[in-house]
Ligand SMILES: C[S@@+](CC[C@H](N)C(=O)[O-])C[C@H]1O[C@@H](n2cnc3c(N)ncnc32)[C@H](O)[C@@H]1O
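What follows is one chain in C-alpha cells, specifically the form predicted on its own.
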Amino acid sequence: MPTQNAADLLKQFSNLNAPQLRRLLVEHLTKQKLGLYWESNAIERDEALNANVVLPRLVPEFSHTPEGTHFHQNLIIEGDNFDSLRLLRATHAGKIRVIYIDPPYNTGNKDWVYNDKFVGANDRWRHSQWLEFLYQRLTLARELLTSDGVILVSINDENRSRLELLLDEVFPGRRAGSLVWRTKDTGNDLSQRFSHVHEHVLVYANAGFKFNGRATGRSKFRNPDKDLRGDWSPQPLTKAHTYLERENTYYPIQDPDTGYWYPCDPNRVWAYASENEIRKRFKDDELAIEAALKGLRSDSIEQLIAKKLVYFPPCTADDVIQFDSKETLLEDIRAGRGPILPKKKTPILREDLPDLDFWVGKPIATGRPSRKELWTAKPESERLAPLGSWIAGMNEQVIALEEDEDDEPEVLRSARGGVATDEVKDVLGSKAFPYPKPLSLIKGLLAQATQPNDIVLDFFAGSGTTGQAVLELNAEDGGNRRFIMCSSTESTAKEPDKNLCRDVCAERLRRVMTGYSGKTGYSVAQGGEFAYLQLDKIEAADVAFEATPEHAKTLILMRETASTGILIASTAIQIIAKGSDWLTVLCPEVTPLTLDELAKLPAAHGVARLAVFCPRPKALALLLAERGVEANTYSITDALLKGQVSSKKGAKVAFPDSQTSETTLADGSQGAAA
C-alpha cells in the first residue's frame, strides 16, 4: 500500500465516474479523526465485495457421510475465507450465533498472506495490510450474527490494541470485554526482564447475548433465624462510596425488635435510601418528599426492614456498647475502644464524623446487618454465577475475588498452548499445523457462549479444533450444535499441491468422528458428519449460463435449511425442505416429465402448496395452475445472485422468463431447519 503522490491520485481520479468521486469525497469528509486509521481504498473494497458471485460445489469424496446420513448440517469450506464469508452472507445472514476465530497475529514471521503474498516483518505497510485484511472479513462476519450473537477473537498482546480498536469500529457499542489466557509458564524473552506469558480473547456481542455462567446451587443458603419463607443468603447492605460522596445514604439503622443501633461505615455507606432521611432533608415539603420516594429505584431501608428482609445478627446485652457522654465517646474512640467492623477491625465512629452527639446513650450492637436474598425470590434458572475474565491453568489455584460475593465468577480453565500441538499430532500423527489452540480453551469458550442448537462459525479454522470442540460439547449435553469451518489450502508456487483445509482440518475432523488412538468417535446425532465444499467464482452476468444445477441445489439448501446435501433424490427434481403444508423443490429443467412429477408431489407428500426454484418461474406457475397445483415459483438465477450482487451493479441476468422475487417459502418461513 504505497503512498500515492498528486499525479498518481489525479490519474486515478480521471478514471472514476461521478458516483465514485462522490463516494470518495463523502468518505473523506465523514471519516472519524479519533481512533484507528490505516491505509485503505473504499472503492477497491466495494469492488472486491461485488467482483463476482461465489457458488458452493459439494465434493462428496472429501465429505464425511456415514451410513444413514440423509443430509449434512456441518460444513467445511475450502477457499479464501473472504470468498467463504461472501457466500455465507448470502446463505446464513442472521443465523450464526457464535463466531470464534484465531486470526494471524501479524508477527512479521510470514504467518499470513495478503494479495497472494506472505507479509514479512520488513513490509512497510504490514500493519495497514493486516487491518484491512481483517476489516474486510469482520464486516462480512458481522452480518452473519443473530440478534443475540457473539464473536470471540484470540490475539496476542502485541496486536491486541490495534485489533480492539478495529473491532470497536466494526462492532460499535458492542464490546463485552476480554478474557486473559495464560499460554505458558515462563517467557523466553528476558532481555528486559519481562516475561510474556499471556494472550487475549476479545468479546464483542449483540444486545441479547449472555454467557451461560454457572448454576449456583444452594450451598450458601441457610435459615439461621427460622424464617418461615425458607432458606436465604446474606447479601451486603453497603456499596463502595464514602460518606462524603454519598452523604444521603450515611445514616444509622435500628433493629426494631431489640432497639439496638448500627452505625454506618463511613468508607462504605448503605446501598439503600432512607425514608426518614428524605423526610429530614425536605422537612415539611410533602410534594418534594412524595416525588423523592416515587423516584427510588428499589425499596428503602425502612421497607426492607418492614418486609423482614434485613438480618440483624444476634448480639447479647454484654456485647452492647453504650456511651453515657460525648466525652466518654471521644475518649474511647481515641483509645481504640469504639465500635469497629468485625472483619476489617477498622473503627466505624471517628472524631471527624458528623452527628457524634446522636450516639450518646444509644445501645450500639457489635455485628453488621445484611440483606436477605430468599431462595424463592427468583427462579432457580436465573441463579447463575457470571463468567470471570481470567482463564486459569488446569491445576491453577484461583483465590476468591470477593469474600462478600454471593457466588464467585465461573472460571474457565485451559491447558497451556504447547499442549495443542500434541493434540493435533495425536490425531494426525504429525505436527501438521503451527501454533494451534488447545481443545480445552475453545471448548470452554463454546461451553459458555453457545446454546445446544447453535451454529458455530470459525473462518480461520486452521486444524479444526473448533469443530472438535463442538462435537465434544454435543456428546456431553446431547446438543445439536453445528459447525462451519472455513480454511484455505495455503498452496504456493513452491507447494502447489498443499491443501491445509482438506489434509489437516477435514482429515482431523474425519478421524475424530470415526475414532482414533482408542478413542470413541461421534454419531451422526452428535454431529459426526460434514459436507466438504469448494468454491467456484463466476461473473454475475455469466451465472445464468455457467452455474450448474448442483450449484443451485447446494446454495439453496444452505440458505433454506442451514445445511447442504441431498434430502430426497430424484432424477429431475430435488426436494429441499418440507413443512407442515408446503414443500420446497428445485427443478433445474422444466419438461413434460418434470411437470408431471411436480403435479404429483402435493398428494404424495401430504402438502397443500409447492415452492419451486426453476429456470422459467412465470411459465411454470401457469402450467401448474392449469393442473390445480398451488405453487410459488422462483428464479434459480435470482436465487444464486441473491445476497451477493449489489443493486448498484444492476445485474438483471435471469433467464428470459424469470421474475425477480424473494426466496421466502410458500408459507412465509425460511425453511425447515433454518
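Each residue number is its position in the shown sequence, starting from 1. Computed from a predicted model, the values in this text were never measured in an experiment.
In what follows, reference is made to the form predicted together with this ligand, a form of this protein that is not presented.
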item: In the predicted complex, segment of 356 to 364, 142 to 150, 79 to 87, 248 to 256 with a heavy atom within 4.5 Å of this ligand; value: 79 to 87
item: Of 97, 553, 437, 72, the one that lies within 4.5 Å of this ligand in the predicted complex (heavy atoms); value: 437
item: This ligand: the contacting residue among 321, 447, 289, 500 in the predicted complex [heavy atom, 4.5 Å]; value: 500
item: Any non-hydrogen atom of residue 370 within 4.5 angstroms of this ligand in the predicted complex; value: no
item: Residue 351, heavy atom within 4.5 angstroms of this ligand in the predicted complex; value: no
item: Interface membership of residue 559, this ligand in the predicted complex, 4.5 Å heavy atom rule; value: no
item: Proximity of residue 463 to this ligand in the predicted complex, heavy atoms at 4.5 Å; value: yes
item: Any residue of 468 to 507 that, in the predicted complex, places a heavy atom within 4.5 Å of this ligand; value: 487, 488, 490, 500
